[in-house]
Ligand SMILES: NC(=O)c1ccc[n+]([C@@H]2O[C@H](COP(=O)([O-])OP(=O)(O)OC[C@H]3O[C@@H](n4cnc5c(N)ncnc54)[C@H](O)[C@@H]3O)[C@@H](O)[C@H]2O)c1
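Here you get one chain, nothing else, as structure tokens; it is the form predicted on its own.
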């Protein structure tokens, strides 16, 4: 089996590669990244071939089509910084780059494509969010992902025998995200700060809710998408929203601290206040159910990864 992973040096891509190597030791894996939000440290244990490349350039995909063939493509490469306001850049990298990939993967390779979508497509729609429900992204990042989903749906009609699976990630946290710096998850940001003895800081009044999902569950969903004969778009979350105040309580318990929260005004007008995945479709069609609660995931992350990295 020949597998391509774009965004391979990034947070989710590197975790995915690690699990693919463990579960499919005979697979030929090629990783692509331009290090915009990834880092080489995430691929130290990668045994396959690495290619530096820009997924937004047609010339790159023409080169890949000429030199390689794949059975499965995991498309994790993207601009993931949700504060980027350059609409042209965001859509060139995320949306147009995805179109180039689909053209090659379906027409030349006949490959299964599994790609990263996002809960950002829902914006502030009512929760729980359903795949076929309200879609109103609050920023251009969410828009770029929505356009990717619409491309996928278009290509599924054009190629009725093709397998394209979009996974709408909710708020992912876990090992390998430190390369993202200030754009890493709130779990990471708060944990690092509290491990230094600093007070956690939240937008007023910390009651905003997120569907936090551990990266190990996200990888589980990706492998299910590869192994099962499924098509379409699926939510990947826990199905249970938790507040930032609850997250601070969990971190205090794991770290053995009692740090009080400092609150400040939210400077962003494009902000999701409440995300929660409806997992009905994911459970029935994809067979996905999360294994990690927020308490268990944070404990594993802090004790087995963050503390050992210091």
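Treat the numbers as computed from the prediction; the structure is a model and nothing was measured. Residue numbers count along the first chain shown, from 1.
Another form, the form predicted in complex with this ligand, is not on view; read the next lines as being about it.
At a distance threshold of 4.5 angstroms between non-hydrogen atoms, residue 37 is in contact with this ligand in the predicted bound form. Among residues of the shown chain, residue 33 is one whose heavy atoms approach this ligand to within 4.5 Å in the predicted bound form.
Using a 4.5 Å cutoff between non-hydrogen atoms, residue 235 does not count as a contact of this ligand in the predicted bound form. Although the partner is absent from this view, residue 12 contacts this ligand in the predicted bound form, with a non-hydrogen atom inside 4.5 angstroms. For this ligand in the predicted bound form, the listed stretch (200-208, 149-157, 132-140, 78-86) containing residues with heavy atoms inside 4.5 Å is 78-86. Contact with this ligand in the predicted bound form holds for all three of 93, 118 and 171, each having a heavy atom within 4.5 Å. In terms of contact with this ligand in the predicted bound form, the residue from 262, 54, 62, 285 that brings a heavy atom within 4.5 Å is 54.
Exactly one listed residue, out of 99, 231, 220, 180, brings a non-hydrogen atom to within 4.5 Å of this ligand in the predicted bound form: 180.
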